[in-house]
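Listed next as structure tokens is one chain, alone, in the form predicted alone.
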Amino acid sequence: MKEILDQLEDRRADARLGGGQSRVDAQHARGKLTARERIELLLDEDSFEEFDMFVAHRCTDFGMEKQRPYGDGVVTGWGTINGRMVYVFSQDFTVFGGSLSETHAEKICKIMDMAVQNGAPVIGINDSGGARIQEGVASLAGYAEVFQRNIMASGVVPQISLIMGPCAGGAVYSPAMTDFIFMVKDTSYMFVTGPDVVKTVTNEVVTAEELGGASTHTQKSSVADGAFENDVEALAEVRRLVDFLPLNNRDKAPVRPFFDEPGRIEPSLDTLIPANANTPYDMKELIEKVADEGDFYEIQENFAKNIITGFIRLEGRTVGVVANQPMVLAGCLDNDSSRKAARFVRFCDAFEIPILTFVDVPGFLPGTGQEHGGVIKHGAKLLFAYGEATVPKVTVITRKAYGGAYDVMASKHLRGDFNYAWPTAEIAVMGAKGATEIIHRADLADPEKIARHTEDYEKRFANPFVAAERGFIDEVIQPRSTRRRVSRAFASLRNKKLSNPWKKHDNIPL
């Protein structure tokens, strides 16, 4: 028996070594951790249970039968993050460059099926050269099987992708269908066609980093939700994100102990809004002063900065936050910000995470660039996302809420549950100057009359009370009491029940 156990340990040691010590050393030389080291950092200590350690590929072409390392380039299994179960796969670049074979795909599909069946998140760590060419169409079939699992798991369990090396060709579509994508600066990249193909077809000379690096996908394309300095930081931040999320769509988000008084008064918020209506201020200050212990986990921080999305906790419970940012484009909605916020709202609704919206929006950004880029359809995405959401929705208007953008930003008319306004709020079809010049166009030649008309308009409409008179605003609140009012609102909505009419699925304007 001892001999058999020794053989088992020898086989396990071979499997753990992946592609061999020299390739492990090469991985470290690139500033990257190995597949197993990443799993050790991601999961709680000694919690990882591995599946299919001894699986090997079945390919016999091109001499592949002579190289059959255990694991076949991916480590799969389950473990816990702060005591809560997650399933994980981690591609091993030291084995055939992490390329995906038929058996490699089967291992990934197995844990994804188990995740859906048992109601736990899936975390994929991608570090792969793409399809294993030697296996031909069997490798492509493997990708499609993984894609189908991504689709079936969407909205059922949270899916998180970490790009920690190359991810190219068809491989990019699996992370693209997950809920969150995080990259590592300088060592990870994603693209459908690489720099060499781009040069051949278009004659453009571009580096892998410029084409599909972390900065490109977090600032320009919006493919990635965040980028971190190294593997260790990325894995630590994913652990932090998982703490905000429910395990599945039938589960509630975890309730954490909190050490912040729900009724805390914040007098500094009384002076957050500048006296001049055109002067910007930082909306993140409000978010952090409302959140438990000032803890805010921002999503897509570097893309479409005119809108802020992320997670906070109120009374220890997860809340999704969407907020206009007056520091960028005056907080106007545009194509990018509408898409960014709509996707975030739909994620929150899919996983029963309440949504808090802070509004300071002067309207949609004008211009031919926006109109030709499809601002009508992109704006409709956010409108649609808020309108179909059945989770608790609390909205606070801090300053401007003009025109169609007022409607879009979780207004009472889109089934908002609690709609509050600060005394500084201005809810109107448009700003006083523009409205006056339309209503009193006959007096445009007389600046004194226009100034008087503008002042009259501001007195009548540049406040929250007209909307409050009609019940569109539930209460005009003191800025200092925002945390208390919002916390109590969400507490009262914990047993909310709302359903949409039966349908196979909706037809959101994609």
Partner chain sequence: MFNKILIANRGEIACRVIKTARKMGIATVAVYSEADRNALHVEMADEAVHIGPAPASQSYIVIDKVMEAVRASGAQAVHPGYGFLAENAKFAEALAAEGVAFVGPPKGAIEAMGDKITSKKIAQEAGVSTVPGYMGIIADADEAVKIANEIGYPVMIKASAGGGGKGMRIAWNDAEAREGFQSSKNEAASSFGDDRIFVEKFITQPRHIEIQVLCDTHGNGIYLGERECSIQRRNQKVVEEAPSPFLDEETRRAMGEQAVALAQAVGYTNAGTVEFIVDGDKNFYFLEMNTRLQVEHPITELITGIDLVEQMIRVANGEELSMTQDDVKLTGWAIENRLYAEDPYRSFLPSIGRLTRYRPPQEIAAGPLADSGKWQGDAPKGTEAVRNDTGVYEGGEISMYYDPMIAKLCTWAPTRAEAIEAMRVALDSFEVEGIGHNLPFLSAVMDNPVFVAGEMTTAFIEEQYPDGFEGVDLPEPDLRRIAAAAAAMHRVAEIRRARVSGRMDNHERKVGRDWVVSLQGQRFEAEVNADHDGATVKFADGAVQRVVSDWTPGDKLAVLDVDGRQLVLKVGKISGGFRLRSRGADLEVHVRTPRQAELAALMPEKIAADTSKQLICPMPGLIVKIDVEPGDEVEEGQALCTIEAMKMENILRAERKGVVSVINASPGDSLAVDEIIMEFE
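Positions refer to the first chain, counted from 1. In this text, all values refer to a predicted model and were calculated from it rather than measured experimentally.
Unshown form predicted together with its partner chain; subsequent notes refer to it.
Checklist entry - Tell me which of 347-355, 256-264, 152-160, 128-136 has residues with heavy atoms within 4.5 angstroms of its partner chain in the predicted bound form? => result Result for this chain: 256-264.
Next on the checklist: Can you pick out, from Ser222, Thr178, Asn230, Asn248, the residue that has a heavy atom within 4.5 Å of its partner chain in the predicted bound form?
Outcome noted: None of the others qualify; the residue that does is Asn230.
Checklist entry - Out of His440, Arg415, Arg239, Arg343, which one falls within 4.5 Å of its partner chain in the predicted bound form, going by heavy atoms? => result In short, Arg239.
Checklist entry - Counting only non-hydrogen atoms and a 4.5 angstroms cut-off, does Pro447 reach its partner chain in the predicted bound form? => result No, Pro447 sits far enough from its partner chain in the predicted bound form that none of its heavy atoms falls within 4.5 Å.
Item to check | Distance check, Lys107 to its partner chain in the predicted bound form, heavy atom within 4.5 Å | outcome: No, no contact at 4.5 Å.
Checklist entry - Any of the heavy atoms of His28 lying within 4.5 Å of its partner chain in the predicted bound form? => result Yes, contact at 4.5 Å.
Checklist entry - So in the predicted bound form, does Leu211 come within 4.5 Å of its partner chain, heavy atom to heavy atom? => result Leu211 lies outside the contact set for its partner chain.
Checklist entry - Does its partner chain come within 4.5 Å of a heavy atom in each of Val290, Gly403 and Ala489 in the predicted bound form? => result No, none of Val290, Gly403 and Ala489 comes within 4.5 Å of its partner chain in the predicted bound form.
Checklist entry - Can you name the residues of 134-164 that have a non-hydrogen atom within 4.5 angstroms of its partner chain in the predicted bound form? => result None of them.
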